[in-house]
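Here's a solo chain for you in structure tokens, the form predicted on its own.
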């Protein structure tokens, strides 16, 4: 079985490397990304149509919003799959790897714990900044969500998964993950109810105190927030289940 897996990996890698020969030269002005009609439209009009200087954010959350919504759903489904495969509702005896089971400290390390207590609030604030500032600089829902999830992982690393689960319980994880998707899809549903296409944000100007162009800008932040909530919850859930072998007790 290992030989078959190795063969599949090598074959796939070889095919991917072979396909790179079709890529345009780095920085070529004749690259489809530079000279295509669609790319040119984004480059020339994105700021006028969305008031978002960051083209990447505008494309992901507005022009290509369907795709990004389903990417968020994929993250949610991945979390559900991890839980379905690993979650153990037994007595929790498998929480620690056997090699560590007899060498656990009685109390968390004071230096690590206090350092994390100082770093975690700063990390969470910066995560919100990355989320909100995605309109103007690299950032957005996925990046901010990963950082928020990492802050809870730091709590688990410093104090144990059970302590982190008091702040982010399994029930809360599932509620937050589903809420993030509902924020995204609900925004699209409101657009439908207002008589326009799904995720066609300009129509939100009817309920927001702004013009249609700024409504698109505000809606991008709304859906990016939904992305961040789902990513943060699922990221911590995946760590908690992997680190404790599905028991949500003990941990690495």
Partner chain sequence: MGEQAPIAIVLAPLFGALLIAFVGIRFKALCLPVTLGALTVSLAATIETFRTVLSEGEFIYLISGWERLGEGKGISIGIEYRVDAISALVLLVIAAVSLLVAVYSRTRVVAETPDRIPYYYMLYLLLVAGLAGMTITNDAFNLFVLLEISSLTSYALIAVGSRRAVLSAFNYVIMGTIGASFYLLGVGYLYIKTGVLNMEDIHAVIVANDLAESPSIQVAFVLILMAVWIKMAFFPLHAWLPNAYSYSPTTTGALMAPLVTKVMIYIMIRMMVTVFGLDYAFRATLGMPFNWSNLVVSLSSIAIVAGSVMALSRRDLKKMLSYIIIAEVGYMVGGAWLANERGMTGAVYHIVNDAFMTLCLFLAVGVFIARTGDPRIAGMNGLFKKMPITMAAFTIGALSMIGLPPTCGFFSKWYLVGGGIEAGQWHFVGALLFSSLVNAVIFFRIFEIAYFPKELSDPAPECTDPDAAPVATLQRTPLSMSLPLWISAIALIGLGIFNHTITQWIGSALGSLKFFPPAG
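Note that the structure is predicted; figures quoted are calculated from it, not measured. Positions refer to the first chain, counted from 1.
The same protein has a further form, the form predicted together with the partner chain, not shown here; the description that follows concerns it.
For residue 182, a non-hydrogen atom is located within 4.5 Å of the partner chain in the model of the complex, even though that partner is not displayed.
The partner chain in the model of the complex is approached by residue 189, whose closest heavy atom lies within 4.5 angstroms of it.
Proximity of residue 174 to the partner chain in the model of the complex: non-hydrogen atoms within 4.5 Å are present. The closest heavy atom approach of residue 80 to the partner chain in the model of the complex falls within 4.5 Å. For the options 119, 112, 178, 146, the residue carrying a heavy atom within 4.5 angstroms of the partner chain in the model of the complex is 178. Of all the residues from 52-70, those having a non-hydrogen atom no more than 4.5 Å from the partner chain in the model of the complex are 62, 63, 64, 65, 66, 67, 69, 70.
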